[in-house]
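As a starting point, one isolated chain is supplied in structure tokens, in the form predicted on its own.
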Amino acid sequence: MAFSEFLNSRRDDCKALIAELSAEFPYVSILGNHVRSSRIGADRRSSVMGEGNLSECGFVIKMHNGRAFFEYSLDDVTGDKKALASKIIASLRVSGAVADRMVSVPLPEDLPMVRSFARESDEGTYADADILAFCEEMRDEILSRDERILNCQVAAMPFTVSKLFLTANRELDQYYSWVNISTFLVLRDGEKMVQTYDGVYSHLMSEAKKAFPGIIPGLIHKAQRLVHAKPIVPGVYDVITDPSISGLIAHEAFGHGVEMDQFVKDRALAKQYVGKYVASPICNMRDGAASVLSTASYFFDDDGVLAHDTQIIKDGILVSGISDLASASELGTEPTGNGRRESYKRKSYARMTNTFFEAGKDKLEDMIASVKHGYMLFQTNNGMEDPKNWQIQCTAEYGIEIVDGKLTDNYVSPVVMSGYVPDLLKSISMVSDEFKIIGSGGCGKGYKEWVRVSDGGPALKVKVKLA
């Protein structure tokens, strides 16, 4: 498969519409989105092949009138361009009272660029029936491992993205794909029942299918241990985080907190700390669609800004936030390629992409050996952050107790980590040289505006409150 034929067929229409709108607006861009997604899976009772929840096809027009940005979305751009331009312009007229309250931001640069981007993909190599047969085979394999497993679901969720971005001077397009294959099981032992999950991910279906059988033994072992897990005794502990939990800390601690549309609204305390120590000197953190290859990796963002690799924390010092075009324009900074939309029908915001701590120099075994009594935490469950007050709460699916520098058989679940962000980050005393990016996540802006994100990184040693 390749770039969307539909978007290709609308290039000239977009250019003609930009020409019409440019009589009214000194800056006009059009973003065309065509995302194809599916969900194919099976559990003990049923199988399913259907459209995924990421599918969309349409256009969003972003305009600047010399003072402020306006946006307009629509399903198609064919037809009478003069009439369509007049309809758009009429819909964007505001009263004088509203205009007086509008924020004034500079016109964005529109530097000439014509480029096409594509990532290797094996989309179309596997028929849906073949993928379903694989999911059913893996489901049966998992169910056969332990008679206490009540149900198991295995699902593949592939998607492909085609985006076209045009202005008077720019013409960009990109095509890429991604797939998650996840599994979820329920195991009961006597009166106790537990649920757990795992998954694999890749830009190639072939790689994901190859990797999936390798996670089954660990998934079963985890379920068998979790059925005997007990609540943790609340307290402050030395903690080792696996890459999943390290990524959750990065995401919640200085991910949302450095989305610079929050700087504009004075809703992020981080705005006051740029150039200051906010973490341990061994702490380094990055974000960017160009930082690694994962589910949030693209070639240009929804504002037409090329993908970046942004250093957020350098040797413990907060050095940068992440921005979309509008927030960067208002703050007088360069956009970092983090303008993202849930769909063409939604506004662009400054959003995280691949957010992670950089690898350090410590060996994981040495980190565990350094803990007299504490826990190693595993597998992201959920998290919350208050960017204005720097409070954080992260939930791990489970923890394993460490006694005298050794992991025990004592599992605790669930585990909630909480505290003040700088206290947590300044407590980082060791960072592993192992590094893993987890490419299966999603993130909302508050309670909505969902986009694909990844996290992960190295293992960290921290001191933090657990409950």
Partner chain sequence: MNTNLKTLLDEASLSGYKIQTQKTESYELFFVHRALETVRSTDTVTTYVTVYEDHDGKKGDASFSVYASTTDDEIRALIASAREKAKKIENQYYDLPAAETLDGAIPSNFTEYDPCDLASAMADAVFDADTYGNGSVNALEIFINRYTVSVVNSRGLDKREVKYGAVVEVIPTWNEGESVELYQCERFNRFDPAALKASVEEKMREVRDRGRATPPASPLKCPVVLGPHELASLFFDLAGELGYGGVYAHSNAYSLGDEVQKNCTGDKLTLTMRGSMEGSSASALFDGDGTTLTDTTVIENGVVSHYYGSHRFAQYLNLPATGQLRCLEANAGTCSRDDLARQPYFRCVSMSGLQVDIFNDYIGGEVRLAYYCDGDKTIPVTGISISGKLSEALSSLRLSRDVTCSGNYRGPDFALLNGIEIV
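This one's a predicted model, so the numbers in the text were calculated from it and none came from an experiment. Numbering follows the first chain given and starts at 1.
Another form, the form predicted together with the partner chain, is not on view; read the next lines as being about it.
Visitor: Quick one: which of 165-173, 108-116, 67-75, 305-313 gets within 4.5 Å of the partner chain in the predicted complex, going by heavy atoms?
Guide: Among the listed stretches, the partner-contacting one is 67-75.
Visitor: Taking the partner chain as it sits in the predicted complex, is residue 47 in contact with it (heavy atom to heavy atom, 4.5 Å or less)?
Guide: Contact with the partner chain, yes.
Visitor: Do residue 56 and the partner chain share at least one heavy atom pair within 4.5 Å in the predicted complex?
Guide: Judged by the heavy-atom cut-off of 4.5 Å, residue 56 is in contact with the partner chain in the predicted complex.
Visitor: Should residue 385 be counted as a contact of the partner chain in the predicted complex, where contact means heavy atoms within 4.5 Å?
Guide: Looking in the predicted complex, residue contacts with the partner chain include residue 385, since a heavy atom lies within 4.5 Å.
Visitor: Is residue 35 close enough to the partner chain in the predicted complex to count, meaning some heavy atom within 4.5 Å?
Guide: Residue 35: yes, in contact with the partner chain in the predicted complex.
Visitor: State yes only if every one of 60, 128 and 345 has a non-hydrogen atom within 4.5 Å of the partner chain in the predicted complex; otherwise state no.
Guide: Judged in the predicted complex, 60, 128 and 345 all sit within 4.5 Å of the partner chain.
Visitor: So which of 409, 404, 433, 51 reaches within 4.5 angstroms of the partner chain in the predicted complex, heavy atom to heavy atom?
Guide: Here the answer is residue option 51.
Visitor: Ok, 210, 192, 361, 82: which has a heavy atom sitting within 4.5 Å of the partner chain in the predicted complex?
Guide: Answer to the contact question: 192.
Visitor: If you apply a 4.5 angstroms heavy atom cut-off, which residues in 143-178 are near the partner chain in the predicted complex?
Guide: Going through 143-178 in order - heavy atoms within 4.5 Å of the partner chain in the predicted complex - the hits are 150, 151.
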